[in-house]
Ligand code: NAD
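A single chain comes next, written as structure tokens; it is the form predicted alone.
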Amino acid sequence: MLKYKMLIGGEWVEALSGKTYRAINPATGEEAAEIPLAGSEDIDRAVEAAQQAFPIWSKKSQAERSDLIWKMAGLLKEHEEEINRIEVLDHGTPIKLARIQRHISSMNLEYAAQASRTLMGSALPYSAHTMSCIQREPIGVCALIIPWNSPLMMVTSKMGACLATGNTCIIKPSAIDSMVTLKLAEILSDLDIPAGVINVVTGPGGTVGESLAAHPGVRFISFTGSSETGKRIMSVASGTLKRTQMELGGKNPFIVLEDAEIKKAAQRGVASSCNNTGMVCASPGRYYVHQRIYDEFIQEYLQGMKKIKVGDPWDEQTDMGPVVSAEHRERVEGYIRSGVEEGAKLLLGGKRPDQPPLDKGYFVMPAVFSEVRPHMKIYCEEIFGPVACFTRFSSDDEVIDMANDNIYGLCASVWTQDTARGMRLVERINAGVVAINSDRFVSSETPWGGFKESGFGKENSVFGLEEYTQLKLLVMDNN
């Protein structure tokens, strides 16, 4: 079994209490690692280390910071196989998906290194005798609270933007899968980064996360996770008026019009619903299919879903691995039961595999429901698992009303061969990211973030970098 320590002030340390917890391999249910269980005194140490490092790191030139972040991306590439192995062990990620996520993670760091070099200031024409300029300055110590569904991509997106703009950070990975973040920090320790610029503390959100949110030395929190947890972090953080950036839940409409290319839309829907075992905030939450093609589309969708291979994450042919934990499997299964009990029609799957070796891990077969109604839990709530929910509609106005009738507003897609009609629809959808004939929303160059209870602020792109800065206006009168 692997044993890890936390990174605080450039040193690999145990929790001061000596307490640890065990990480579980979700594909086998076996213990995989022993990880320190941090307490409030460990958070104090990490904040102090980050505060001491801030003047050193923030005073480095942009070129120096960008160069180091570019080297981080290079180290990720050099250690690809090691990172992939930990990702599979830690999260149950299929190996072919782990490779894609590692590649995206390197791109996140490369983008932050490049884009930050043009970000930090601009001159303003104020008057003939006055010079004024806007400076973007780092905020200070940032807490980066990482979700469990795509830890490597999330930590590189947040850390790259945070460090590129001159801040120091305390990273808190999810207690469910902390290993890949700790391994990343270990790999990056080969670089000449001042001690305390990057700190990693481990433990549950209810203690470690709240300590970071409450700590007066932390000036900014970037959080990705559930809306409920986001609300709690905001409440705790309000005591010190620290800034927050929230990337929260989604129940995303996937709208298929009667003139859509049925095969293409169904294939993309299947891939999206099963990607990372459905544990993706951008996953389709509600399929709205026009009544003229409803039955045809579902049949095409079912054919595609039956081809998805659920299996050992190490198998190159595996499309979908386990969910992340026993607790989360029970949550997903609870939604499946509620769908049946409330009258939706279960067309496929939804059960645990009972044949070795999948009988020992946290596997659940993908489920497909038709005739889902607005009063049902599976219609309203984010499932965060491989469960597809189908509802029919008859008009554009009807489907827009249904799509917007939800507490979330993260992303949405419209599938049609009439681009003008598609544009009219996406302009009426209340979501932060919308697409026509695509569900590929996320890249290093494009902003990601939602409306309503899906949060606020942006990840990725130059807008994501700006989240980690504060504006200062400098005015000089030459009269």
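The first residue of the sequence shown is number 1, and the count goes up from there. Since the structure is predicted, the reported quantities are computational estimates derived from the model, not experimental observations.
One more form of this protein exists, namely the form predicted in complex with the named molecule; it is left out here, but the text below deals with it.
> Can you check 380-388, 107-115, 161-169, 264-272 and let me know which stretch has heavy atoms within 4.5 Å of the named molecule in the predicted bound form?
Selected range: 380-388.
> Identify, from the list 196, 284, 173, 322, the residue with a heavy atom within 4.5 Å of the named molecule in the predicted bound form.
Answer to the contact question: 173.
> Would you mind picking the one in 204, 353, 74, 304 that has a heavy atom within 4.5 Å of the named molecule in the predicted bound form?
Among 204, 353, 74, 304, a heavy atom within 4.5 Å of the named molecule in the predicted bound form occurs only for 204.
> Should residue 148 be counted as a contact of the named molecule in the predicted bound form, where contact means heavy atoms within 4.5 Å?
Yes, residue 148 lies within 4.5 Å of the named molecule in the predicted bound form.
> Verify the contact flag for residue 209: yes if a non-hydrogen atom of it lies within 4.5 Å of a non-hydrogen atom of the named molecule in the predicted bound form, no if not.
Looking in the predicted bound form, residue contacts with the named molecule include residue 209, since a heavy atom lies within 4.5 Å.
> Report whether the minimum heavy atom distance between residue 448 and the named molecule in the predicted bound form is within 4.5 Å.
Judged by the heavy-atom cut-off of 4.5 Å, residue 448 is in contact with the named molecule in the predicted bound form.
> Residue 412 near the named molecule in the predicted bound form, any heavy atom under 4.5 Å?
No, residue 412 is distant from the partner.
> Does any residue in 217-244 get within 4.5 Å of the named molecule in the predicted bound form, counting heavy atoms only, and if so which ones?
Residues within 4.5 Å: 223, 224, 225, 226, 229, 232, 233.
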